[in-house]
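Listed next as structure tokens is one chain, alone, in the form predicted alone.
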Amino acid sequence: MHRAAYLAFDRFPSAKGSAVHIRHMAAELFDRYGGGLLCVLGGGELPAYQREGGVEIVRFTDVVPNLLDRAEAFSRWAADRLAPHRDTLEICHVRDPWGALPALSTGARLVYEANGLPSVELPYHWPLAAPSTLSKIRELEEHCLQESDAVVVPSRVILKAVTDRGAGPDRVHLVPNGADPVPADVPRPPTAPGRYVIYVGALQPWQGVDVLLRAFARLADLTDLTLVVCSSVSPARARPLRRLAERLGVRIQWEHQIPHADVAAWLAHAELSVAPLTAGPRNLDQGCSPIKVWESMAAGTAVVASDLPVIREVLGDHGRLVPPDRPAELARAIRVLLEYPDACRDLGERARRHVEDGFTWKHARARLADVYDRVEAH
């Protein structure tokens, strides 16, 4: 019987930043409670059941094409997984309403980790979603946030979003994402081009990779420079952006779903890293805390990123900010940094020190431990 459970409507493990976050947050929970139950999405070669010491990992593997139907099926499945532990569960840590609903029914304390809000993100995945559907999802979010004993958020932007949805400000805690510093002698990836700018992450429209491609097309005169895209998704899902890159004539090297442990080397040997997030509701109203930016900083690689409130919060003056959705401005910022390598190197080093001083995963876990202390004290 377990005392703690962590539920996430996310595939785990995977090449996505969410999986990195789950690994560190769940580790803090399970170290504290002597193990526990991890309920996540499966698929591919991942086993439906796995045991690692005191941690049981169970994966939802049903094939349900519709996203909302799948979320509801996950919620019912998670309730069945939690049921045998109802008498011993002391705390449940969740990342979404689909995990929060079955967790609330157990009577255990609930920590809701709000990295994203389905009512904001769903229209990007399902543009034809009816307003009434989005309204119901928002009501669900509000119910779960208001019933939680604590809400953990990675940025002040999403802190405002969850308090706007009724989460009590005294129960909302800021736990920024983190990254572990990359050793200075990390080997160069064998297939890395000679001189490259890097983008790391997924390819959803809000990531702004199309903007980056259009910017890179304006750097065609830098004939020794390649754009490397380390994508967390498959080549098939990158097909529209691949076609755009071909049409623009961009020198690009695609690296798909490489192990997360290998990403650090790609970042460390890049000339600079780019986070071209768009100025849409997902990034402006909901916010985020892009792990790609934290990891670039931890690698000592200078970052050029969109000038959004959440990016200013993460990057501060340790990177170069440009107006979002403007390829010409992005290209100009990249070119200037490349023309001044000493300034570019200094920017990267200052970013690395900023992470080392307060934003490693060790720091994030310590902040989460403080949240658990408060929840247990009440």
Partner chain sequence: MTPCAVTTGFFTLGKCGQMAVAGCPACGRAVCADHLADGGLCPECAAARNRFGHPAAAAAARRRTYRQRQSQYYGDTVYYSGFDDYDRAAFEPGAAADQDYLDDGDDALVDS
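Residue numbers count along the first chain shown, from 1. Just so it is clear, the model here is predicted, and its values are computed rather than measured.
A second form of this protein, the form predicted together with its partner chain, is not displayed here; the remarks below concern that form.
- No residue in the set Val175, Gly316 and Tyr340 has a non-hydrogen atom no more than 4.5 Å from its partner chain in the predicted bound form.
- When its partner chain is considered in the predicted bound form, only one residue from Pro240, Gly166, Gly249, Gly194 comes within 4.5 Å through any heavy atom, namely Pro240.
- Comment: 256 to 264 is the region of 256 to 264, 304 to 312, 212 to 220, 166 to 174 lying near its partner chain in the predicted bound form, near meaning a non-hydrogen atom within 4.5 Å.
- Interface membership of Thr278, defined by any non-hydrogen atom within 4.5 Å of its partner chain in the predicted bound form, is ruled out.
- Its partner chain in the predicted bound form comes within 4.5 Å of a heavy atom belonging to Ile291.
- Gln146 falls outside the set of residues with a heavy atom inside 4.5 Å of its partner chain in the predicted bound form.
- Using a 4.5 angstroms limit between non-hydrogen atoms, Pro205 touches its partner chain in the predicted bound form.
- In the predicted bound form, its partner chain lies within 4.5 angstroms of at least one heavy atom of each of the following residues of 136 to 175: Lys136, Ile137, Glu139, Leu140, His143, in sequence order.
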